[in-house]
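In the structure tokens that follow, the same protein chain appears in two forms, which are kept apart as structure 1 and structure 2.
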Structure 1
Amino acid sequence: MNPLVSAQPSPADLPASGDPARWPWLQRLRRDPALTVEPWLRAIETGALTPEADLLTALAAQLDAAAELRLLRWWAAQPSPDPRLPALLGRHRDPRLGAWLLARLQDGPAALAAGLAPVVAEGLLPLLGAQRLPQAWPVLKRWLLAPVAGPLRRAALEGVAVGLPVWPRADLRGCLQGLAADLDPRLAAGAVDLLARLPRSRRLLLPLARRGLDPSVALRLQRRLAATPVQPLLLVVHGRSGGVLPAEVLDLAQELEQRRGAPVRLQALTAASPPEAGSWLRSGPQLTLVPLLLLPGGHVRHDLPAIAAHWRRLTPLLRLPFLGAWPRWQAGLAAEVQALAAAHAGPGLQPLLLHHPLTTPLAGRYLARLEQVSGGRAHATPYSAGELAEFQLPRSAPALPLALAANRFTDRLGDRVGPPLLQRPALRQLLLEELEALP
């Protein structure tokens, strides 16, 4: 065998840039299973070898974490660091590398005043994110929100992107939603792209459509929303006698269909039969069944499973919990109760939550929880027409009917308890936004 072929590549033998022999020579360097990297590192550190991009690309495959850290330290100490070098390194997640990156960047933009070169910070921020250290999140966030040059903030966002799965989800969502309205359109567009990568992204992106975004960012947002699958919805409601649907329910479904751009159908529990299955079912990969019911009574425990079984025979089905169990709905109801109490101020006032009688242990636990969350006091009201005619509303406190839409109770006592919940603007808007954000 020719000894020149079997010998290890040497820095002194590297063909110059532009030499046709350079590319095959670098390929051999990259693939050499027994390469000793020390001569190459030493040649770069002493200035005997210029770390050009093609050389580092070939050499990077041979470097372990310690060698990468050594090169980064050398690079950061240069008077004019080549901004391309860090992107070719940082392939390893290593405690020593992570600690060094944190030490250089943890002071945020204050480190610039202490002598950290902007080009070094810009090169290291993505590498810090790639280490996926929990303690890196506040550092990246500090750079993201600081009044520094755009390239530095975009480098921090790149760091967020490469470590996306490990950051604290709630803080990450809030930060990215704020950045979507940033004055730097490139940064804002990047924030929109990252929001689109998170679970349940449609819920995160839709509120941005109601904000004043840069035109280019607004177009990016619309493209991301258009790429999010939207499924047909089946809203199950109580309905009135004979399956009649109250006007406020019909209005909600119509507006929701326009906003989602996908079919929305209604099924009343009082109707003799479900709506017909038609072409609207073929507009999405599955049907989402949304029980717009407020309490875990017999309808939730018995009727809903039968309804779900019917539709499951026709199409793939996603069944959501009943509306009264949704935390955001409970929070909205609590706000309505608090507003009612404030409007009828009095010592120890506790508004009543009027509901039809429930007797199961599950219902009792639910009502106790609702009282705790909302600050109201559950009070059973008559169910039948005859009992309702004899019912006298307690006068000790204001009352809120737990009725989504108009029914016999609100027809009779609406002048004393106010309109049903869907006729209250804040609750209607909350429900509309929650339903619009569903997949």
Structure 2
Amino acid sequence: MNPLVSAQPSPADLPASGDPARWPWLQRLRRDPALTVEPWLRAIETGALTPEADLLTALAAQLDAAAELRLLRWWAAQPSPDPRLPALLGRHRDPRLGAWLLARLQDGPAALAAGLAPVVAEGLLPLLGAQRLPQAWPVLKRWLLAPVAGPLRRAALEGVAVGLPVWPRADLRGCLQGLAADLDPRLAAGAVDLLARLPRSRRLLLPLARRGLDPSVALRLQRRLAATPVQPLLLVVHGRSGGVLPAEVLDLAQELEQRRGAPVRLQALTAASPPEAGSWLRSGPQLTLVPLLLLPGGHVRHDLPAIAAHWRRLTPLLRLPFLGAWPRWQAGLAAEVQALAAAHAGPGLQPLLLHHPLTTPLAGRYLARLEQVSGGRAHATPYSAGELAEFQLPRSAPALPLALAANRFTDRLGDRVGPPLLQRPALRQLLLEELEALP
């Protein structure tokens, strides 16, 4: 047979639904590399042919964007459109297709009142998401948040799902976090699942755990959290002499371990040796080293690299910057300073940030920055026993000790400068949440 004269499969020849010849016929149609789709489109548009799902499945791979658009137009105009069809179309990302979808759905649920059939909206919303047009985000959101039937809102959420990487991140996060508490548990569950797909999802999911969610959604949240990988943490703290760990530090580590469901170990700079390397090290793909040090002094520059080198010989290691450099921590300090200033209102009473003496230019720059961010004024204080005995606080300005946990300084001057930072509820809470949300 000469393939050049072989007839094009024609709509008129398509065996009727139920004819045993139809199935193999459609298989060939699907694979025909030389198929012209125009007669098929025309037959459908003129009503000569009803596009059942099996026919569209066979044609789907052969359609270009323009053909898909024609079929979608035809479909949307049907008196009772077959809900299965749109999923088989819209396989191409195409400006005209996108614009058409946008125009249909633009007005949000108001379009329903203007004659858009719910079944059409439901079919088109996921396709709109798949086009990934930035302009589609507010449209999807409009449908998602409107008081309309569940299936429509869920179709909009599917639209969000299939375009997930392109929506504006902050708005998306907020929107999904809100939906997680929605009264429709199916929608809420979908929102939780999508949050779990975003980068650094623990930070997004954890706050939900403290909200009153539908029980099935809360369980789903637990499962998502359980599956977001959590590394074991090594908290490096200064410690007291002889490696003694202050109670508030032990307490923090214990609560953290419970909340994270993964090992948390402490290493004091003042201790003779690091904690033992045991099976806890292998509870995650790597160890996260968290320097709970407040100032970029000698400990950060010399001790930390040595500590990191020690652990790196045992496990892959992720080393975080020292706590004093974390923007959220600095913001927390600023809030504490402002509260202090408010309580001691008076002219010229800029709160002091009492810190261990530092010598390097780097440390100087750091302190300048901290002053700027927090509104406090850095003030070096002696720490050695002898000097401490002599030490007098300048004027009567309020002061904040830059000491995470109880030390000689806060022991001695606690009644003047208040408790160390970890004993202050707001800062403790902030640190706990930051550490909990770490991967």
Partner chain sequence: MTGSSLPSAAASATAPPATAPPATAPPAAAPPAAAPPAAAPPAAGQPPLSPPLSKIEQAKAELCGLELAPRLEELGRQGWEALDEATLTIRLKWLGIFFRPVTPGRFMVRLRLPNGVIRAEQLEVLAEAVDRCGEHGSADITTRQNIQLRGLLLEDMAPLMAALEGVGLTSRQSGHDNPRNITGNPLAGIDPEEFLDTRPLVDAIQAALLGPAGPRNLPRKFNVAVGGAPDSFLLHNDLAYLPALRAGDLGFTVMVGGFFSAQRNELAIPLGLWLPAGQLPAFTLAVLRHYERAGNRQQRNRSRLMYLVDQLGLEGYRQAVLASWQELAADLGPELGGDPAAACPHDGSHLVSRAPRDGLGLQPQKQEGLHWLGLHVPMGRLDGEAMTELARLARTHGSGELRLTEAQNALIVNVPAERVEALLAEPLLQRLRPDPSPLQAEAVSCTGNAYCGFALIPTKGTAQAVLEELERRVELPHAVRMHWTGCPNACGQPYMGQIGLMGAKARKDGQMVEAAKIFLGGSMEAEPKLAELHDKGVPLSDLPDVLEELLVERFGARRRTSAGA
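When a residue number appears, read it as a position in the sequence of structure 1, where counting begins at 1. Note that the coordinates shown come from a computational prediction; the quantities given were computed from them, not determined experimentally.
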- Message: I need to confirm something. Of structure 1 and structure 2, which is the form predicted on its own?
- Response: 1
- Report the hinge rotation between the two structures as a whole number of degrees, treating the chain as two rigid parts and superposing on C-alpha atoms. 8
